[in-house]
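Next up: a single chain in structure tokens, the form predicted on its own.
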Amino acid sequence: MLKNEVLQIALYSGEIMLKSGAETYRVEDIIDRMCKSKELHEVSSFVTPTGLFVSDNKTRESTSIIKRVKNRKIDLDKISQVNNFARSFVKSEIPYEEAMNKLKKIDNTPKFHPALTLILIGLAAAFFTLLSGGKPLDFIATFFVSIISIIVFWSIDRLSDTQFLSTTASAAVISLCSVISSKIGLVTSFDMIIVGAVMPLVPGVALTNGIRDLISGDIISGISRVFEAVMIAVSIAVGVGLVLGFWTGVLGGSLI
């Protein structure tokens, strides 16, 4: 296999992992292992949350490849599939075309059916409400409010790459639906609904990965991921606060 082909395969593997929410050190490690298994021992990789840089400096004709990554989601299944592919790539000889086809298949792997995803997210949020002290009626309301908010999140996310906008809008919908449900007497405590329904929006994985990157010495990636998590948390607070502020300050409503 040619040097450029090995670099392309390793870079594509790293791109899928980075887009799926893998830690920076894990992406760099898998690129290095795949390249070194094909006798490219002078390969250097540098990964940030928004791009990958891979370079081979062994010969006079050094090769460098840069890949920009704009959109990042959390998809642990794809990370697992790329890990399995990398292990087989390291242990055996896989032709370039076959390797790229396998990676494309992983990259295009469909997620769970949207309806199933919504149901599971709704149940997870509803149980958070119960854990926070909510009543059975709050559980039911949280289930539907969370589903509505995720539909709003997905709709805006398709139109804009700015996650902060979709997060803010989704949090605002949660706050609005919770207040309305409380005022018409469907639930006992709207605050418990908000607590449960915002949980699917909380950037727990991004924050964890950022801290792990910082601990492993990837300062730039770690700071970027932690700051991204903080900004998402601020977006949630802004969305919820805007609706509550408008309800009490402009419309003169009560939160009691």
Partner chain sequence: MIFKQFLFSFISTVGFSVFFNAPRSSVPYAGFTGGFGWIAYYILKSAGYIAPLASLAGAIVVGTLGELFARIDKKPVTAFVVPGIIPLVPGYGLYLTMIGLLNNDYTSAIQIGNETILTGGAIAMGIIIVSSMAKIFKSQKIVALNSIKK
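Keep in mind it's a predicted model, so treat the numbers as computed, not measured. Numbering follows the first chain given and starts at 1.
Not on display, but discussed next: the form predicted together with its partner chain.
(message) Which residue, I220, V69, V205, V226, is the contact with its partner chain in the predicted complex, using a 4.5 Å heavy atom cutoff?
(response) The option sitting close enough to the partner is V205.
(message) Using a 4.5 angstroms cut-off on non-hydrogen atoms, would L159 count as touching its partner chain in the predicted complex?
(response) It does not: once its partner chain is placed as it appears in the predicted complex, L159 has no heavy atom within 4.5 Å of it.
(request) Tell me, yes or no, whether D32 is in contact with its partner chain in the predicted complex, where a contact means a heavy atom of each within 4.5 Å. (result) D32: no, not in contact with its partner chain in the predicted complex.
(message) So in the predicted complex, is its partner chain close enough to K104 to count as touching (4.5 Å, heavy atoms)?
(response) K104: no, not in contact with its partner chain in the predicted complex.
(request) Give a yes/no on whether D77 approaches its partner chain to within 4.5 Å in the predicted complex, heavy atoms considered. (result) Contact with its partner chain, yes.
(message) Looking at heavy atoms inside 4.5 Å, which stretch does its partner chain contact in the predicted complex, given the options 117-125, 161-169, 91-99, 180-188?
(response) In the other structure, the partner sits against 117-125.
(message) Under the 4.5 Å heavy atom criterion, name the residues of 18-43 that approach its partner chain in the predicted complex, in sequence order.
(response) The stretch touches the partner through E23, Y25, R26.
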